[in-house]
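Here's a solo chain for you in structure tokens, the form predicted on its own.
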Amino acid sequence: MNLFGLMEASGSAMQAERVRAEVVAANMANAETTRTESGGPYRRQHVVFEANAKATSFADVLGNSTSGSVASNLLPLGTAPNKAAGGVHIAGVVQDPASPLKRYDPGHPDAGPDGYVAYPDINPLTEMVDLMSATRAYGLNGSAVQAEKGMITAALDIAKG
């Protein structure tokens, strides 16, 4: 990991947590949506995170040189091995497979012939916990970036003399 590797990893985590918070907000906004473009009630969504691949380190290249060719492991000049090694990215946003909740409301325009309406299976308490978790993770990664900035500033002060 290079000097700015921590910032890249934390930045990728902050971006992923921001998307997670947006999905939670969309879930809360659509908690009472009974009609969507695809038909039926809104379906709760989840964000799936995936760890970024590890960067190719000098030790890896050196270790592979004993068993294979070094040239195949080297990257072209000026390219980074991986922008956010150790970071995270969004693998996808998936829909919750839970069946919708049925509530008896015969006066609702989307009520079936039996008088029941299909509502999304969204628990506001669960959504708030997810939102708080995303907010805290975002803040922690912001603190990590601030700590890295302090370390870089201290290193520059030492280099000045």
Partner chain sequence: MHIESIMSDQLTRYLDVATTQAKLTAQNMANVDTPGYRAMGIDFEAEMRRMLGDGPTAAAPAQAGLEDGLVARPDGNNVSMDRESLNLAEAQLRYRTGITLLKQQYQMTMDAIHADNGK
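Positions refer to the first chain, counted from 1. Keep in mind it's a predicted model, so treat the numbers as computed, not measured.
The next section is about a form of this same protein that is not shown, the form predicted together with its partner chain.
Of the candidates A29, A51, M128, V94, A51 is the one whose heavy atoms come within 4.5 Å of its partner chain in the predicted bound form; the others do not.
In the predicted bound form, no residue of the candidate spot (Q15, V19 and A21) has a heavy atom lying within 4.5 Å of its partner chain.
Taking non-hydrogen atoms only, A137 approaches its partner chain to within 4.5 angstroms in the predicted bound form. Taking non-hydrogen atoms only, T33 never approaches its partner chain to within 4.5 angstroms in the predicted bound form.
When its partner chain is considered in the predicted bound form, A144 lines it closely, a heavy atom lying within 4.5 Å. In the predicted bound form, at least one heavy atom of S133 sits within 4.5 Å of a heavy atom of its partner chain. Although its partner chain is not shown here, in the predicted bound form the stretch 3 to 29 places heavy atoms of L3, L6, A9, S10, A13, E17, R20 within 4.5 Å of it, in sequence order.
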